[in-house]
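So this first bit is one chain, no partners, the form predicted alone, shown in structure tokens.
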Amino acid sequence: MNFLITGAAGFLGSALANQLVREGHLVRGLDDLSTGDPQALSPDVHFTRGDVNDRPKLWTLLQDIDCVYHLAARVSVPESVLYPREYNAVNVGGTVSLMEAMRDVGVRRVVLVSSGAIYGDQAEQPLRETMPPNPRSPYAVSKLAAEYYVNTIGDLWNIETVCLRVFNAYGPGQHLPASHPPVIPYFLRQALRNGTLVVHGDGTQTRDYVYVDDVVSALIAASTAPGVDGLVINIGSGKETSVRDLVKAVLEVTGSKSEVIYNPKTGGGVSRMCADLTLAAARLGYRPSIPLGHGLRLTLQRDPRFK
């Protein structure tokens, strides 16, 4: 098959692109490199630097494409609280631009990488796709709006759509910015240095941490799965882990003696998150295979930044 991946040089995009070319597919990648690294991509990926709002470039890249993976997005919850207009422009505006270009060229399936953050705080766990959204940050709002646009436009223009709500993905190659870094690579880096681990809140908040290889398997399945048009599907580990337990796991796999301190909770976060995977198993045959401890060890082994 022929694929276009937006956000191809990012953490999930590069892992997906590299796996697809290993399986013998033609893969085109688009990324503006605001956070992505083209060195993470296999030489067999046909990479183009550019913006998802560049209509002529999209028209060219979409020629003869069977399925689009849309991963181009800004993804930091704390950053979105500071810059909501930018998050709307990229995450919502870029999605609409892509859908218009797909309509113009005639591409018939798109897989949108969405987020479990859309659920916000809920009275029950695990989180099911039928629960009403309760976004608590501009980032979550932007991903929910992108879902609505993809599914509404897809229905109007006869484009098959599937939205995968990916929970807290982690693994080798995850972007580690100086401000607002993702928690797992931040903890691993600090632990290896015996530096202080800073937890925002009391550490009882929970997340569903899913290893990158499991996410990639779900993405690949979504490109050809029957009966998924218009669906929103959770992708996670199905396990609820507190930040305190994550800290323990990181200290164990690194052998670190790092001090742990607890700071006030930052805005935009939620208390508990755990994905219900019933629909993913039924429609995609998805069954995550890498538990947290093993995934942390694989991250240390495979990411040269942690050597």
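In this text, residue numbers run from 1 along the sequence as written. A quick note: this is a predicted structure, and the numbers were derived from the prediction, not measured.
Same protein, other form: the form predicted in complex with a small molecule, not shown, and the subject of what follows.
* To do: Give a yes or no for residue 263: in the predicted bound form, does one of its heavy atoms lie within 4.5 Å of a heavy atom belonging to the small molecule?
  => Heavy-atom contact with the small molecule at 4.5 Å: absent for residue 263.
* Answer yes if any heavy atom of residue 286 is within 4.5 Å of a heavy atom of the small molecule in the predicted bound form; otherwise answer no. => Answer no; every heavy atom of residue 286 is more than 4.5 Å from the small molecule in the predicted bound form.
* Does residue 240 reach the small molecule in the predicted bound form, with heavy atoms at most 4.5 Å apart? -> Residue 240: no, not in contact with the small molecule in the predicted bound form.
* Asked: Taking the shortest heavy atom distance, is residue 115 within 4.5 Å of the small molecule in the predicted bound form?
  -> Residue 115: yes, in contact with the small molecule in the predicted bound form.
* Could you tell me which stretch in 240-248, 34-42, 60-68, 276-284 has residues with non-hydrogen atoms within 4.5 Å of the small molecule in the predicted bound form? => Of the stretches listed, the one contacting the partner is 34-42.
* Tell me, out of 150, 166, 191, 101, which residue has a non-hydrogen atom within 4.5 angstroms of the small molecule in the predicted bound form. => In short, 166.
* Heavy atom within 4.5 Å of the small molecule in the predicted bound form - the one residue of 90, 140, 162, 197 that qualifies -> Selected option: 90.
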